[in-house]
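Next up is one chain by itself, shown in structure tokens, the form predicted on its own.
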């Protein structure tokens, strides 16, 4: 049996639309086993336990690339990453499926090769890159080539994920985005991305309050999320280092310098005043990325 663990991811980190992402220590675990015939998927809802499952689709893509004829496959999933919440659940399925297929075929694909296949399936590398490599990554695609670089993080960071009980599809979040942007908004984001990477590299955490700002997607997507602006304002009032929409949303990520019990208590109280139910998860950066586990390490 092959066991693969993949971390949750948060794309964009504010201004880095479709190119920045970070890995967080919240994981989905996947179990793969080649069988004599058929397809068995456990741990997914019945509507997804078939050939349209993203894990299986990713495996087939990899098998085809490798020229490997699979007999049958059994897939089991332990879900800890919330689905359709902007925390990279789909990216974890894609990455795990490719790694599982590579291991079954004994192909030994490199992470760079896995990234190429994953990006082809996902359409952009902002989630699959940190899912693979861990940490904070910059990633982009030019033609068929995917380029990535891990960002140096000079000081420890703590993250709080504010996760609502409602879902928001990536397609829905994409549809509200404008077809064109103002030139000043483009400059605004480019400057913030540059400041964000430099501040992380130099440990200048106070600059993150400015660096995490965005004008390309958050204001458009925010209207789909009940209480989004008030949540952001409350987080700033509580002196967080940065606050931004996680990927396409609806999860909101809050960045602090260290564990902040007061923040946790106060933001939990505030969220209870909203109509929807919100859960606060305390998280750290995962620096390892996707990992193949031995049977005795997954308990």
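Positions refer to the first chain, counted from 1. None of these values were measured; they are calculated from a predicted model.
The form predicted in complex with L-homoserine exists for this protein as well; it is not shown, and the discussion that follows is about that form.
With the partner left out here, L-homoserine still marks one of 124-132, 142-150, 155-163, 224-232 in the predicted complex; by a 4.5 Å heavy atom cut-off that stretch is 124-132.
Of the listed positions (174, 71, 167, 184), a single one reaches within 4.5 angstroms of L-homoserine by any non-hydrogen atom in the predicted complex, namely 174. 248 is the sole member of 26, 248, 267, 254 with a non-hydrogen atom within 4.5 Å of L-homoserine in the predicted complex. Residue 11 belongs to the set of residues with a heavy atom inside 4.5 Å of L-homoserine in the predicted complex.
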